[in-house]
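Next up: just one chain, as structure tokens, the form predicted on its own.
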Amino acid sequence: MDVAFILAHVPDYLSGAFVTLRFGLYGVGCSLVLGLLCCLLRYFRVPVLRQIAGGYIELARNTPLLVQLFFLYAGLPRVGIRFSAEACAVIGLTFLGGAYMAEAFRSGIESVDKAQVEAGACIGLTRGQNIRYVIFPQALATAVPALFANVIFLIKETSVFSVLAMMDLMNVADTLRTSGGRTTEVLFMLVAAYLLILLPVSVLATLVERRLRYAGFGNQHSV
């Protein structure tokens, strides 16, 4: 293990980590919004849009991100639609992540006892108030582990951004491996970089889950 080589290329990995984390977080944020929207469309059984959301979820979950990125970056230009590599990365990650987030939200909502919803209606809550004060807090507490698991999954999926010639962690590692021939050191730094990014997310997930449970969300006697 060449420590000098590792120390010399720490700035390269920091730069790659910034790209990975930046576009990963963009994709995660957009995925949460898209996932919640699709979940609500299906929950309220909105005509037509519900079927579209269901079809999108099945398509996104059953196709690899790599294929989706190739379609965005190389396929759409054939019909005159062009996006930058960065835009393709965010759109692709959002497309994939939105489907997984929607299923996480759905499982959380379905875990809420129907008696809770009926009790909310009985005390005069409107449908919107019922969702905001009764359903969503309990559903979110249940969905937190799945949501954070999806966050970790999506950040790891950013490793395929290298096919878009973006200088993310994977591209940096591949460039150093090809030019320097130090495979062991390069892979060690790559693993360490991903651990430094993902371990805090895992810790945050545990803290948030405990916080929600301590606050009383997720139990079935909130109404």
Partner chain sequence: MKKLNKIFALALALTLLLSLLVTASAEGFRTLDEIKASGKLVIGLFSDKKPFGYIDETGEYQGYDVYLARRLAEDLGVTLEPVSLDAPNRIEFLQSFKVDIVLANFTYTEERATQVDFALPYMKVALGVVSPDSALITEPEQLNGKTLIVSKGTTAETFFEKNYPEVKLAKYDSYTEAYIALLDGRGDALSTDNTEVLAWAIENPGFTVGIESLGSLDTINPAVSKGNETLLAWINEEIVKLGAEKFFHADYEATLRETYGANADADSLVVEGGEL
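Numbering follows the first chain given and starts at 1. The shown structure was predicted, so the numbers you read here are calculated from the model rather than taken from an experiment.
We do not show the form predicted in complex with its partner chain, though everything after this point is about it.
Q | Candidate spot 118, 121 and 126, all three touching its partner chain in the model of the complex (heavy atom, 4.5 Å) | A | Zero of three within 4.5 Å in the model of the complex.
Q | Selected contact from 135, 91, 85, 146, since only one has a non-hydrogen atom within 4.5 angstroms of its partner chain in the model of the complex | A | By the 4.5 Å heavy-atom cutoff, the listed residue in contact is 85.
(Q) Using a 4.5 angstroms cut-off on non-hydrogen atoms, would residue 26 count as touching its partner chain in the model of the complex? (A) It does not: once its partner chain is placed as it appears in the model of the complex, residue 26 has no heavy atom within 4.5 Å of it.
Q) Do residue 70 and its partner chain share at least one heavy atom pair within 4.5 Å in the model of the complex? A) Yes, contact at 4.5 Å.
Q) With a 4.5 Å heavy atom cut-off, would you call residue 178 a contact of its partner chain in the model of the complex? A) Although its partner chain is absent here, residue 178 would touch it in the model of the complex, with heavy atoms inside 4.5 Å.
Q: Evaluate residue 163 for contact with its partner chain in the model of the complex, applying a 4.5 angstroms cut-off between non-hydrogen atoms, and reply yes or no.
A: Result yes; residue 163 sits at the interface with its partner chain in the model of the complex.
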